[in-house]
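The chain that follows stands alone, in the form predicted alone, written as structure tokens.
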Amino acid sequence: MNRKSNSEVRDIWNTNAAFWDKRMGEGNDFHRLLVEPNQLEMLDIKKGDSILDIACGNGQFTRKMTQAGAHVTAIDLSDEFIKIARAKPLADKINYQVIDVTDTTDLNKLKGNIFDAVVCTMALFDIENIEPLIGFLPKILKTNGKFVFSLLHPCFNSGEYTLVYERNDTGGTINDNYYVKISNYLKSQTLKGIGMVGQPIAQHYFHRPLSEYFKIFFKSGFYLIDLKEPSFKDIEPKSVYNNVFKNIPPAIICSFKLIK
């Protein structure tokens, strides 16, 4: 792990935390319509379940799980995000901690816990090296426990991609066409981009093809039990982004189960 770059990632999220909290609130349309319902369905939370929330940000999904009856430990690399989350409702029922999941020493702070499930909402691509985390999870996740996570879809909405809108006149009929141009999908690489227009500074994205994600999980004793690729198909389009992603999924949500 490159400690210098990891420190930079922390500094970027500390700088962007207040802006993201203001814009995200309790979930933007992307989260409310595409991510949240699918993650909740896969988690199938029972009252009293113990859940670890990785890269919790301002805690918006943490609070959803708490309201559903779970006992949640929520962690993030950014101390600013944790400070914001602790100032939100239900903080007295949530165990918030600042933990760097790329650092095994930091991960050891979680030893002694046994979780029913682990969740990571739209954040694995924000982490430069996920192998320490995935390799550590069998120590704190019960047998047959789940790891549910969501990603910007690596095939269509990550790495080197361009959203395209074209209009043509064919035989007197105006046709609007929307699609995605993709290059270097199989190239694992670090890119910088804007997650939300107007944020103070650009953030790092660590693009990986799906095969790389899955290989790391399989190596640590996980197997895939569910996968969903939601889109804006049934939602009134508001932008080129929504139109492009009507029949192409902008996100992927996976559920893995641990075998010991």
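Numbering starts at 1 and runs along the sequence shown. Predicted, not measured: the structure shown is a model, and the values here were computed from it.
Although not depicted, the form predicted in complex with a small molecule is the subject of the following passage.
- Contact check for N157: no non-hydrogen atom falls within 4.5 Å of the small molecule in the model of the complex.
- In the model of the complex, T121 approaches the small molecule with a heavy atom inside 4.5 Å.
- Interface residue remark: F245 is not counted as part of the site for the small molecule in the model of the complex, having no heavy atom within 4.5 Å.
- Mapping the unseen interface onto this chain, H31 counts among the residues with a heavy atom inside 4.5 Å of the small molecule in the model of the complex.
- No member of the trio N38, L43 and A70 reaches the small molecule in the model of the complex with any non-hydrogen atom inside 4.5 Å.
- Of the candidate stretches 184-192, 141-149, 123-131, 167-175, only 123-131 has residues whose heavy atoms lie within 4.5 Å of the small molecule in the model of the complex.
- A heavy atom within 4.5 Å of the small molecule in the model of the complex is found for one listed residue only; from L137, I94, V101, A117, this is V101.
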